[in-house]
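Before any questions on how it binds or moves, here is one chain, the form predicted alone, in structure tokens.
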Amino acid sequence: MTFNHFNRRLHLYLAIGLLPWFLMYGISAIPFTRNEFFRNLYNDGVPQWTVRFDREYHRDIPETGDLRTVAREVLKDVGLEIKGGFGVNRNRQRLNIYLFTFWSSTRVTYRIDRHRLVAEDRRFRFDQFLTGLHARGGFQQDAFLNDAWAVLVDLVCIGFLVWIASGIYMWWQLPQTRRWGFLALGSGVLSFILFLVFL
């Protein structure tokens, strides 16, 4: 097998293997650019958040330190399980904890000065499901599946780069396509630079 033959096969099978990821990133970019459309679509009078519980709660929250450990303890106290990922921040007298999977989202708010703990579930919205797919990544979560997703996203990104490189190599091997190839490449680079500079 020659390198040209290997490269064509690599390009073909990368395209097939990466197809679900191309579709996911392509489709999930739409809600980012059509935010107003989806906001109006779900502006149907149904509350975005539903209160699961609102109860009295007492816990000392440090001003600084590891808030993730504190958040785990709060969630354990009230019987909320971390099924996907979670984030936490403190804003003065408010501790905000966000639990999320691809399908659901729960926010837990502890009003430190009032000793009130409120948990709310967000209604499912398809646009938020898509943007969650698009933006999900990183190794800051603790669960194995979260790390596995992050590793897979890294591999997909590498696959995209190899797919591009193999396509450019194939294009260069066909002299009759170079003129149109230069036009396509130049148009893409020029449009990107123009928006990068002036937008």
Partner chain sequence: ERMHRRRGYQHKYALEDTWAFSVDLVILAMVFWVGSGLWLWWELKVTRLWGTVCLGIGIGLFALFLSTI
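Positions refer to the first chain, counted from 1. All values reported here derive from a predicted model rather than from experimental measurement. Take the two forms, superpose them, and find the largest set of C-alpha atoms that agree within 1.5 Å; that set is the rigid core.
The following text describes the form predicted in complex with the partner chain, which does not appear among the structures shown.
The partner chain contact in the predicted bound form: L185, any heavy atom under 4.5 Å: Outside the cut-off, so no.
Tell me, yes or no, whether R178 is in contact with the partner chain in the predicted bound form, where a contact means a heavy atom of each within 4.5 Å. No, no contact at 4.5 Å.
With a cut-off of 4.5 Å between heavy atoms, is G26 one of the residues that contacts the partner chain in the predicted bound form? Close contact exists here: in the predicted bound form, G26 approaches the partner chain to within 4.5 Å, heavy atoms only.
Just to confirm, F160 within 4.5 Å of the partner chain in the predicted bound form by heavy atoms? So F160 counts as contacting the partner chain.
Just to confirm the contact call: exactly one of 45-53, 170-178, 27-35, 58-66 touches the partner chain in the predicted bound form at a 4.5 Å heavy atom cutoff, so which is it? Contact criterion met by 27-35 only.
Just give me the single entry in R94, R122, R114, K83 that has a non-hydrogen atom within 4.5 angstroms of the partner chain in the predicted bound form. Checking each option against the partner chain in the predicted bound form, the one that comes within 4.5 Å is K83.
Residues within stretch 131-160 having a non-hydrogen atom within 4.5 Å of the partner chain in the predicted bound form: Those in contact are L133, H134, R136, L145, N146, A148, W149, L152, F160.
Threshold 2 Å Cα movement between this form and the one not shown for Y13, core superposed: Yes, shifts by 2 Å or more.
Would the C-alpha of V162 be classed as shifted by 2 Å or more between this form and the one not shown after rigid-core alignment? V162 C-alpha, core-superposed: shift of less than 2 Å.
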